[in-house]
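Heads up, the chain below is alone and in the form predicted alone; it's given as structure tokens.
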């Protein structure tokens, strides 16, 4: 049986012809900003690596305070290529978040949230929030000293949220302190709750992308543009981006294996200069600089509320930027996006420079 006969057999039973027709019909606009389109596919590729390596790690990982550290140590020292799988999982998580930030900010600055793509933006923003949740929950799973105290600091910050802080802290920790119950709870979030959410929202996001196509910057809207076929032209270029990401990932995992550190000890003192993962450093650094009191309100509470408001702004920006919705230039929103980007980069650099 040749390949054509197999394809016909599968198509007759699965009804794949509409998808095939869509793939051949779909086109991608060509312009000077087209390079930013590739970061969405690169993020999806790195997420697939996360899923594959995460499943392999699950075969040996034991989610308890007594065994978690030792199980990761066993993976790194006894399981064949276990150290490499763990390094790839950790580095791909960081690269995925980095490419997702690039994808989000490029979409923002190109006003890709303009009608009729509001729901594409909203679903993409929700994916960003969930991916940050993956980073926060996965950080604790090796149960080492740095992750333990970073989680303690992170959940303490959640505990100051007005009104629901105490509930949120106990919900995240599974009690009043970071214990084995916290580890088990984070494990459940990381391997069950968040994957279910991201899978559902990812399908919705990809559906909207396919339905509405690729957005072009407002300055090019309505102008005649060259296009290229999604299959095979754009897909092959996308594949080259995946290969570049894979090369960078392999180099990082091999040359800079992810360290395990020391086992967590709740009675030990916190390491000096403790910091969260890099994608939370700008928040952590901001809260450090806020005074204890701003008027009659705790500075930390105001900081948390400001970040919450910023996240809500980012989610609702398609409905707030009325000028872009009407096809006009919205320089204020462009300036806001640039300032947010500069603030995140600047505070992250300051956080690591201290």
Partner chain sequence: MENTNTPVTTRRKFINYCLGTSLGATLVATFYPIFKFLVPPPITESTEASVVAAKVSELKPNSGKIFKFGSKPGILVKTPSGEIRAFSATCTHLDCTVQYKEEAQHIWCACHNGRYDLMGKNVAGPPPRPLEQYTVNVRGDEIIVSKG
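Everything numeric in this text was worked out from a predicted model, so none of it was measured. Residue numbers count along the first chain shown, from 1.
Just so you know, the form predicted together with its partner chain exists too; it's not on screen, but the next bit is about it.
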query: Close approach of residue 199 to its partner chain in the predicted complex, 4.5 Å, heavy atom; finding: no
query: Contact of residue 288 with its partner chain in the predicted complex (heavy atom, 4.5 Å); finding: yes
query: is_contact(residue 185, its partner chain) in the predicted complex, heavy atom dist at most 4.5 Å; finding: yes
query: In the predicted complex, residue 89 touching its partner chain (heavy atom, 4.5 Å); finding: no
query: Stretch from 307-315, 291-299, 53-61, 32-40 whose residues place a heavy atom within 4.5 Å of its partner chain in the predicted complex; finding: 291-299
query: In the predicted complex, the residue from 206, 109, 274, 221 that sits within 4.5 Å of its partner chain by heavy atoms; finding: 274
query: One residue of 170, 263, 237, 229 in contact with its partner chain, assessed in the predicted complex (non-hydrogen atom, 4.5 angstroms); finding: 170
query: Contacts with its partner chain in the predicted complex - residues in 259-286 whose heavy atoms fall within 4.5 Å; finding: 266, 267, 268, 269, 270, 271, 272, 274, 284
